[in-house]
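In the form predicted on its own, a lone chain appears below as structure tokens.
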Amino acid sequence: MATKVTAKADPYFIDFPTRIKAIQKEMARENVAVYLGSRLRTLSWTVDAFCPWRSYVVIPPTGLPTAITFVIDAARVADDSWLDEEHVLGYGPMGGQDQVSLLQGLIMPHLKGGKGIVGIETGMGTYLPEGHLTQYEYECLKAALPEAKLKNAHEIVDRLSLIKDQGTINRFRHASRMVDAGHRAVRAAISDDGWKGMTETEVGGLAACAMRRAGSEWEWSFTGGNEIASGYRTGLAAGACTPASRRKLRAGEPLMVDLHAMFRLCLGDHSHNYFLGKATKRQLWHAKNFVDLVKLCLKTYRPGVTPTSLADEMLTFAEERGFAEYMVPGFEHGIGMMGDEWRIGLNDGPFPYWTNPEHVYQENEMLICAMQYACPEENVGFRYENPILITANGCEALSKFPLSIDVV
């Protein structure tokens, strides 16, 4: 059966066969006989289907890859993917149909005399469902492929996926439009004292409903879907992970609304901040500090900038304005198709599997501008997150919801 074809006229078109050929070219250059992808980011980038169960993709030296996922989801993955059903297999507790047996059957034909390099994906990360090969899986594959060499090769995919093609960029833009729909719904609901009696979970639900109506497939964050914090919770650990609680919104307190959407495996993420009912002069001082810092940060991103050089500029600004103690000294995290949510660039920095602080941004690279401001002793904190595209002379912020901290 032939693979499914998506029309190039589609603004969200991605040439997946060409991606596979690019991987195969790198495999040949590095003498990798077969590539075994196990990370969620690799599945998304090669298969173009959401794979929530433990899944794998086996890429031979030529021809089409084969994806393997849990048997109950294989038909759906095949339906979503550009691959045909013959190249999406389901594993289960049946003779010859377990994960290792299927992988062995797909890999072994490409190893001459059972020998050769099998590229695998292993490592470490902060992102829970990263998908690195486990120790048990490694031991089972070693036993099944005794003459083969298992070599970490994930940098092949990481290098190729760093610069985004137009279809991917357009998908990200559309996901951000969905997030903006969620923010408009929240703003309308909490205005004119609508926030009174409302809980954080209700805010998250209103946003989710609006984004789903706009076509979002998933509130993709693994930190509670849509992250909503009010009052003192906005200042907890810089508000970096705040699943919505059942806490009721209260007058005079801040409200942080961090929304997430997904469109065809590309991700929208944007945070907006409010004060409810009223704000003190001191609270507004904090708010101006944060908004001015975000504006400066967005002006600073461009090709040639590094995380270190950007952080130095932001720290200098914060010190001059007298709020450096409230600024969390981190300004971005990575972003790519579903599963690629943390490290920026390659694994080439001083701390393995963390962003290299000297990574040099390039045109058509994407990241999340992610900033936190926390004054826990005053029960105040703000967050800004927005996917940005590095352009020839600066950056494009994909969410267009206005940058401000509003008193509603």
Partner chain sequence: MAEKKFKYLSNEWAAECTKRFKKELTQEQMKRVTSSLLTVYNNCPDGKTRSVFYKITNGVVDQVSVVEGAPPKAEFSVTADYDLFAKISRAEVKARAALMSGKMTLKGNLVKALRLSPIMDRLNQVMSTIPTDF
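Numbering follows the first chain given and starts at 1. Here the structure is a predicted model, which is why all the values come from computation and not from measurement.
Here the subject shifts to the form predicted in complex with the partner chain, a form of this protein not shown in this document.
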Among the candidate residues G197, G95, P109, G113, which is the single one with a non-hydrogen atom no more than 4.5 Å from the partner chain in the predicted bound form? G95
State the residue from L206, L89, V291, I120 whose non-hydrogen atoms include one within 4.5 Å of the partner chain in the predicted bound form. L89
Should E85 be classed as touching the partner chain in the predicted bound form when contacts are defined as heavy atoms within 4.5 Å? yes
Is I169 one of the residues lying within 4.5 Å of the partner chain in the predicted bound form, judged by heavy atom distances? no
Given that the partner chain is not shown alongside this chain, does V71 nevertheless sit within 4.5 Å of it in the predicted bound form, heavy atom to heavy atom? yes
Using the partner position in the predicted bound form, report whether I163 sits within 4.5 Å of the partner chain, counting heavy atoms only. no
Of 130-138, 95-103, 211-219, 228-236, the segment with heavy atoms within 4.5 Å of the partner chain in the predicted bound form is residues 95-103
